[in-house]
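Only one chain is included here, represented as structure tokens and corresponding to the form predicted alone.
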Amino acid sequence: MEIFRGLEHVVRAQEPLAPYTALRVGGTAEYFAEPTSTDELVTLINRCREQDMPFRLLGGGSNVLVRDQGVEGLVIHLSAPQFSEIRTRGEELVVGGGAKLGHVVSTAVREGLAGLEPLVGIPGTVGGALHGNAGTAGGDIGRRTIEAQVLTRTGEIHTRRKTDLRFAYRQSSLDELAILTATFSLEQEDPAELTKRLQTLWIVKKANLPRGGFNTGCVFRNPPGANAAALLEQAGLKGTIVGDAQVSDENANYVVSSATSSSSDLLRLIERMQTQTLDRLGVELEVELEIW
């Protein structure tokens, strides 16, 4: 690992990626790094760029499917405490991009800060949520975001103000390599009332999630004016099995894996879901899942 001389304490070779994803499938990363500081993160990026080595960031892994053959180059995982800090600043919440979204939501509620509770039950990190503008019918994360500190693919750190930010359905202008911190504008509210609201929202969310097994979030984006899960169910895909992968019996926009599933199984299943929906309903669904 000559390229990573001096960084051996944060870089490993041939790291299995399955444990870092919700689906628990896929091959290894040629190199895998968990930097402990922003300086180490920037150094890793610069080393890769100098050697023309590909690199990518892995967040919570809730929206990633890793192919069986694995990933070339460096996969960076922001698991260190520096990237997961959460602190209040009046009616604002300043959060590290590596923080779990669920932890951020519960912290806001505990501190009596309202506005993020509609995001309860959405897996993954804040960085991933902002990249894809995660949301529910009750609102998306973008509407509460007033600032983000980002790291570009050239190793530069910039601050994006509210006027620079653009959010749309499942997409945002925050397409840099990493989101280091994000600031959310919230409102003061009684913590007890907020907790009740959070619990109600969680019950509703949980009722629409498949139970048991490993699962990802939504496989497909909702088409304009339609619901992907309803379309997939209408196309007769609930419970469909390919190899050791299955479409959920409860929500047809979820695929479920088991300990014996492979990425190939899931990819073939997703292809069938697309093809059958197109053939039977004339609707071409767009994959939301990131395939590495």
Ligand SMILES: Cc1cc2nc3c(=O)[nH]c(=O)nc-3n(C[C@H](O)[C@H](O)[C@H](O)COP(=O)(O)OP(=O)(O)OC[C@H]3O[C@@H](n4cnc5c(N)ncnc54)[C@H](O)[C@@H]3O)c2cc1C
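Only a predicted model underlies this, so the values are computations on that prediction, with no experimental measurement involved. Numbers for residues come from their place in the sequence shown, where the first is 1.
Omitted from view is the form predicted together with the ligand, to which the following refers.
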Is the ligand close enough to 106, 114 and 191 in the model of the complex that each of the three has a heavy atom within 4.5 Å of it?
no
Among 24-32, 257-265, 241-249, 52-60, which stretch has residues whose heavy atoms lie within 4.5 Å of the ligand in the model of the complex?
52-60
Tell me, yes or no, whether residue 177 is in contact with the ligand in the model of the complex, where a contact means a heavy atom of each within 4.5 Å.
yes
Would you please decide whether residue 64 lies within 4.5 angstroms of the ligand in the model of the complex, comparing each non-hydrogen atom pair?
yes
At the 4.5 Å heavy atom threshold, is residue 144 in contact with the ligand in the model of the complex?
no
Counting only non-hydrogen atoms and a 4.5 angstroms cut-off, does residue 102 reach the ligand in the model of the complex?
no
Heavy atom within 4.5 Å of the ligand in the model of the complex - residue from 74, 78, 198, 182:
78
If you apply a 4.5 angstroms heavy atom cut-off, which residues in 110-146 are near the ligand in the model of the complex?
122, 123, 124, 125, 127, 128, 129, 131, 134, 135, 136
